[in-house]
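Just the one chain here, the form predicted alone, laid out as structure tokens.
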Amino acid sequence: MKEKYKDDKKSSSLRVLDLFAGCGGLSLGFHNAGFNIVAAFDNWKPAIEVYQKNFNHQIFDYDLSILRKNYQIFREMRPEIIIGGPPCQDFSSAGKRNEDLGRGDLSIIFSEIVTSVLPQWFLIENVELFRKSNKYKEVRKILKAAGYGLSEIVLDASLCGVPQKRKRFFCFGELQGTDESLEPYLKKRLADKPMTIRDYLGKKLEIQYYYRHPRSYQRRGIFSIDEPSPTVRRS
């Protein structure tokens, strides 16, 4: 890689490296929380172009599957936190649910990068079914062997201020930490009830029900604005 990494030496906040960054959802969350995002990596140009328009730090266009365990570039960036959402297609209920199609291996690479760099913290995010996969069992084994304490949780977006029924699995790791140490903090600010579309948009829509084309006839297609939206699929 010929690109030069831009270091923000003036920042006193924790240094974060975002792997499989996409268009920057995790980066934005950590940035808004006051962390210093030092760099990001992805390998899909449309997402990278969006990322570049929204952040000042560098995002590398690079295929992390071809590093062959040469992780020196990440150690040179000196991240204190590594975050990432490796591709979910092999685990998603909307996909083929075959974790051996190749993309699932990128989760293993994420864990190998973390255990090579040994930041104090890491966060890996994926679909809910990832937690039950053989790939995650391998990821977990690698991380535990390196001395990370893990806090694992499935969060529903509708309990986190989003009017959408969307569940995601999060695993936070702390080097030489204890398992489940962050669980009380992760649950502390969850809402008591799901956010509905009406809660979010009020009377702007001027409708009570709407149609969303189902993936099969076994699923319903009519929804009320007095419930969270189902997962929004791309058009």
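Residue numbers here begin at 1 and follow the sequence given. On a predicted model such as this, the values are computed, not experimentally measured, just so you know.
Heads up, the form predicted together with a small molecule isn't pictured, but that's what we're talking about next.
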In the model of the complex, G221 touching the small molecule (heavy atom, 4.5 Å): no
Check whether P214 has any heavy atom within 4.5 Å of a heavy atom of the small molecule in the model of the complex, and answer yes or no. no
Classify P87 as contacting or not contacting the small molecule in the model of the complex by the rule of any non-hydrogen atom within 4.5 angstroms, answering yes or no. yes
When the contact criterion is heavy atoms within 4.5 Å, does S65 count as touching the small molecule in the model of the complex? yes
Looking at heavy atoms inside 4.5 Å, which stretch does the small molecule contact in the model of the complex, given the options 176-184, 193-201, 206-214, 38-46? 38-46
